[in-house]
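As structure tokens, one chain now follows by itself in the form predicted alone.
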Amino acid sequence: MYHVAVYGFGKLGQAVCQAIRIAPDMQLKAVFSRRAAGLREDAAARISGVPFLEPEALEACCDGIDAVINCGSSAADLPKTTPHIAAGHCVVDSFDTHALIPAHFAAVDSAARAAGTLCIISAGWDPGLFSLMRILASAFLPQADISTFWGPGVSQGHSDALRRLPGVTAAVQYTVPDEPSLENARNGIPPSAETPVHRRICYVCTAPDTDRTVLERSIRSMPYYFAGYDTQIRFVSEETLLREHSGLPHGGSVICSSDAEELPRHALELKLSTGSNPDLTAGILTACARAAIRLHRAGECGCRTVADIPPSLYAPQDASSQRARWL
């Protein structure tokens, strides 16, 4: 039995708690959250019988926890908290700012090697599942054009980045792919680097005294999230946001097309659709926690990504059962 703790209790943290509970080989040992002092009754019911502690208590809990799943924000939390946790525990996170993954990897790897822990970063559906598809396609179809399209759906990371801006009381961001570009990619015509292939539609609620003109500029200029994108900002009431934008669907596609001269055309597509972004991410994080624990028990340390791990380590079945059932 693998003993796993959850760090952070937002929508993702709550989904991870449920994923751990239904895993046949895992036990939820504790939840660490800033919400510990004011836990709602409905949230308490999700973790009945499990200690709910302040984040600072994790440092004293060295025994009995095999891995920690860090469910914080990529924009503000994970670059600080994942290396910190790695100094004492194996940890898995879903850091999703693609351009900053190499720097995050280096920071976590340094902390993990010093402490002898094993960590997996950027585990989710993208980065994560889609990353694997891109790597495999680049290997199996070395002349392929590889395009990634996100949405339509709610981006948790972008929504969280909006909510952290001064004056914003609530926000949801939808990523919407450009349909002609998507169809072109499926027909072997990849988008050019200059072609905008996504729209980012932001529904934002603000405090009464917020200067919305200044806020719009802040949103549109936010690096890694909105700068350079076709960004639409719509100010709405919190009642409208709750009534019309409370769901968390998402999805996307990785499309690979090889059309080299004198060779047959090849096309691969991984298409994903989920009714709950946090629930899908939670399942992937939980599988990665299993892999991290197995690698650590085998004597390994340092940082890994999903690309560095044998697929058999993610599943609860042993290797012989996997060969019999899945191969």
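So that there is no doubt, residue numbering starts at 1 and follows the sequence shown. The model shown is predicted, which means the values in this text are computed figures rather than measured ones.
Below, we turn to the form predicted together with a further copy of the same chain, even though it does not appear here.
> Looking at a further copy of the same chain in the model of the complex, is some heavy atom of each of 139, 271 and 287 within 4.5 Å of it?
Yes: each residue has a heavy atom within 4.5 Å of the partner.
> Which residue, 87, 242, 101, 222, has a heavy atom that falls within 4.5 Å of a further copy of the same chain in the model of the complex?
Of 87, 242, 101, 222, the residue with a heavy atom within 4.5 Å of a further copy of the same chain in the model of the complex is 101.
> Within 4.5 Å, heavy atoms only, which of 117, 173, 82, 122 is in contact with a further copy of the same chain in the model of the complex?
None of the other options qualify; the answer is 122.
> Residue-level contact is defined here as any heavy atom of the residue lying within 4.5 Å of a further copy of the same chain in the model of the complex; does residue 105 satisfy this criterion?
Yes, residue 105 is a contact residue.
> Please run the contact check for residue 160 against a further copy of the same chain in the model of the complex: heavy atoms, 4.5 angstroms, yes or no?
No.
> In the model of the complex, does residue 314 come within 4.5 Å of a further copy of the same chain, counting heavy atoms only?
So residue 314 counts as contacting a further copy of the same chain.
> Residue-level question: is residue 309 within 4.5 Å of a further copy of the same chain in the model of the complex, judged on heavy atoms?
Residue 309 belongs to the contact set for a further copy of the same chain.
> Okay, which stretch from 162-170, 207-215, 230-238, 130-138 lines a further copy of the same chain in the model of the complex, with non-hydrogen atoms inside 4.5 Å?
That would be 130-138.
> Out of 219-253, which residues reach within 4.5 Å of a further copy of the same chain in the model of the complex, heavy atoms considered?
Residues within 4.5 Å: none in this stretch.
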